[in-house]
Structure formats: C-alpha cells, structure tokens
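As a starting point, one isolated chain is supplied in structure tokens, in the form predicted alone.
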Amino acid sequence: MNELEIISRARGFGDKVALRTENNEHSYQDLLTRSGEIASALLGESGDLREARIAFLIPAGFDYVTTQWAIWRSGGVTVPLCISAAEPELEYTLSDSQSTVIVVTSAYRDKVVSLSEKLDLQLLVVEEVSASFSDKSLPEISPERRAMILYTSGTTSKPKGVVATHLNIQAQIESLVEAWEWSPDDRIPLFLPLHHIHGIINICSCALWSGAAIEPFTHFDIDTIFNRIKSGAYSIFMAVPTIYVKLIQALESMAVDERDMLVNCFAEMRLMISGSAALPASVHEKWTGLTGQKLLERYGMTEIGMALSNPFHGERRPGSVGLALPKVEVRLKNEQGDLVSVEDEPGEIQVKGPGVFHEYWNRPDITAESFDDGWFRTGDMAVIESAYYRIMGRLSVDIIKSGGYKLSALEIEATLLQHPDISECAVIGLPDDTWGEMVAVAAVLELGAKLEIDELRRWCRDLMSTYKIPKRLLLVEALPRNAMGKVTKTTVHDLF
C-alpha cells in the first residue's frame, strides 16, 4: 500500500508514547487506530476525498493529530482554523478555501454550528465518530498531492491560502530533523498555535516523524510549564521571543533557590529554539546569562517552512538567523535585481527547494508574481555577515510581526473602517519589548465623534483575533499623505 511516510513511520513506533497530558498517554498505535476511524467517517461512501478541503477547529492534543492524519489518509486537504478566530475570520477561511466539511470537538461545536449551516458545510464532531468505521479501506495517497492550506497575512487586505503538498511538508520535516538531530528520545512541550507553521511543522510534525513525545497544552501557562521543567520533562523547547521575555521576567522575580533550581533544569535541555519573530540580541544574551543555554534562532515563513538556522553544533550568534538548512537554497537580490555578492550589502531573501509551497490557493497571478525564476521572494531584507544571515527588516511597511504572528496592516484597517466613528485609519507596528511590535492605529473620526482605545478594543473582539486588536490609538485630524495621495506609514509612525 502506498501510504504517507509519516504514517508508515508511526507504525514502526507502535506502543511508544506519542502524546502525553496530565491525565492521559496516547501511543503511536493509538494515533493510527483513531485516525483510521475518523478517515473512514470522512470518506463515507466515497473511496477517496480527492483533495477536498476539510477544515478543523480543534485544540492541541490527541484529537488534533488524529484529525489531521485522518484528513490526509482519506485524501483530503487540511485547513486548520485558529482557535481564537472571530466568526468573520472563520467565515472567510471556510469560504475562500471552499471547504466542504468542518471537524470540531464537542467543546467548539457551538462556535461553528451557525457558520456550517450558513455555508452548507457538513459538521463532524470527533467524539461522535465510533470505532465501527475502522474497517473501511483507505486510498493510496501520492506525495505530489495537495496536503494543507495555511492562511497567512501579508500585503493584501485578506489572508492568502498557502498550499503545501505532502512532498513539501516531508521536505520541511526532513530538513529540520537532520539539522536539529531529532531522536525518539526527545520530549517537547507544544503550546504554540496549531494553525501556524511553527507549531504544525517545527514541533508537532518533526516530533511525530522522529518517534518523540509531545506534551500538548491549550495555551502557554508559565506556572504549569515551570512545574514540568522542574521535573525534567523536556529535552527540546521551542517558543517565540515574547515567551522568552516572560520567562526571563518570571525567573528574575523569583527567590534565588527556586530560580537556581529552574535554571539548572533549563540548562539540562539539549536544545532551545526561538523563532517566528526577531529575537532581540539583549534577550538572547540575558537568557544565556541566566541559564547557560544559547538559544538557536532560525528563520522561516508559511510559504517556505524553515530556510535558515543557527547551527546545532557551532556558533549561535545573537541577532543572526544563521545558515541555509539542508535541502534549502538561499540567495539575496538587491533593489536593482542583481545578486548580492559581497558581505554587508542588503538584499531580499529568496528561497528555492523542495519545501517551498506549491501555490496560493486560487491566486495564480499572485503566485506567479511571488517567484523570480523559480526562487520565492520572501519580502524580507537581510545581509550576510561572516557567512551568517542577519534580518534587516521587511520590504513592506504593511506587515507587522507581533508575538510571533505576521499580521496584515491592510486587513486590520479594512475591519476598523467598519466602525461607525472611524472615517480613515492607518495601522502600523510600533516597537515593543515583549511583543516585538504592537499594533497601533492612527484614526480620523467622523465629525463630532469620540473614541477611546478601550472602547475600540471591545468593539474589535467580535471581528478579529485578539492578537490583531490595536493596543494604541492616536486620533488625528488628517492622515499624512504624499503627492500621489498615498498614506505615508513612516510619517504615521513618527506621529506616535
């Protein structure tokens, strides 16, 4: 039988623990059995879903993995949804992906039931799938098939669906497993979002590919994580810079004896990684000073998986994202379109390799524009310093990186303009020690209107995810514009 490599590898790990929570342990065989049952339920009378898009709204844990595997094993394309997404965001993703089914746990059924009716989607509650489905034979899955659509914000007013094939996903996993030397003995916590490549590929997929054990959490709770670290639960730890800032603040506020115990436990881990946003060199150095651990910083994005990484063996430089990963080619091109051939000259990062995504869903023109002779244009600028890449910033001022998320200023602006008191607005990112950048908005109000930030944030809750909601509001009489009438974001930034 031609089955996916991640499934055939799982068979070899059998009764080994794959997922461990406070109350349960699930083996690799449990994942295979349950995903087979859910796959059979998804297939129904069909023999193959033939790349039908199947959305799912499920928190981290056994049900998430078994649903993901079930969609793949039945021939479908996974569309993981953000747990904290507001209804308009969910509706957009479901409609744009042309999903036919939405899978949920019973706890999330009420969040999507009206949407499933409105969009005429089949609603499948995983707890209601019985073991009686397990006898159905599953289709053979070619690695060239589409496997997953992740929605990413960028320079458009609406997120784009990034399509990856099974081959793309396998290449991304194999590159990281080789570079970071994953093994069946590894143990890792998972508290990062599972609609984001960091959680899906770097943690969940790499661990399960390798026969490692995952401890999933629905969210990051510092006391719970500290207690597990004290018990020596983990060999690898991955987080975004925001979390490392919070860990440092917590450690520095502790009594010396308790801090020393935790610091020793952190020091015993074989690898600690930071990603999804730039790690300030000061945070890198402070963490090393506290724990003795040199954080490994890497660079990637939804469209390419990971492309650059500081070495597992060798120098890990603060402020640098290291070298090209295995099976990944990276180059820089300057603004004149010439290849950068000297150190310290800035250029756009362009990436080629088997891990680069297949296409933007239903956006052939944007897909074509995003490549330069087969090289994906990331939109990020970098320089090479003594062979290591250092990120300089982004080509577009309309991309904000906050708390590990890449946000579209244009998407947030489009939502804010629905507010009855806002006539015009410009959204930017402001530097923030904890979040990297915070979302801020300069707004022109309708005549006679009044608006404060707390009132605006309350209004936003039903329309956008919490991490997109502005943290600062500046009221202005007019937005600064250039001679062509375009809002100048650099001047807006100066206004704050």
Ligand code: AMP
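All residue numbers are counted from 1 along the displayed sequence. None of the values given here were measured: they were computed from a predicted structure.
Just so you know, the form predicted together with this ligand exists too; it's not on screen, but the next bit is about it.
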Using the partner position in the model of the complex, report whether Ala278 sits within 4.5 Å of this ligand, counting heavy atoms only. yes
Would you classify Met301 as touching this ligand in the model of the complex, given a 4.5 Å non-hydrogen atom cut-off? yes
Under a 4.5 Å heavy atom criterion, is Glu348 part of the interface with this ligand in the model of the complex? no
In the model of the complex, Val163 touching this ligand (heavy atom, 4.5 Å): no
Just give me the single entry in Glu359, Glu89, Asp380, Asp96 that has a non-hydrogen atom within 4.5 angstroms of this ligand in the model of the complex. Asp380
Of Lys401, Lys352, Arg146, Arg187, which one comes within 4.5 Å of this ligand in the model of the complex, counting heavy atoms only? Lys401
Please state whether every one of the three residues Thr152, Ile391 and Lys406 places a non-hydrogen atom within 4.5 angstroms of this ligand in the model of the complex. yes
Would you point out which of 325-333, 113-121, 285-293, 270-278 contains residues with a non-hydrogen atom within 4.5 Å of this ligand in the model of the complex? 270-278
Members of 312-329 lying within 4.5 angstroms of this ligand, judged by heavy atom, in the model of the complex: Val321
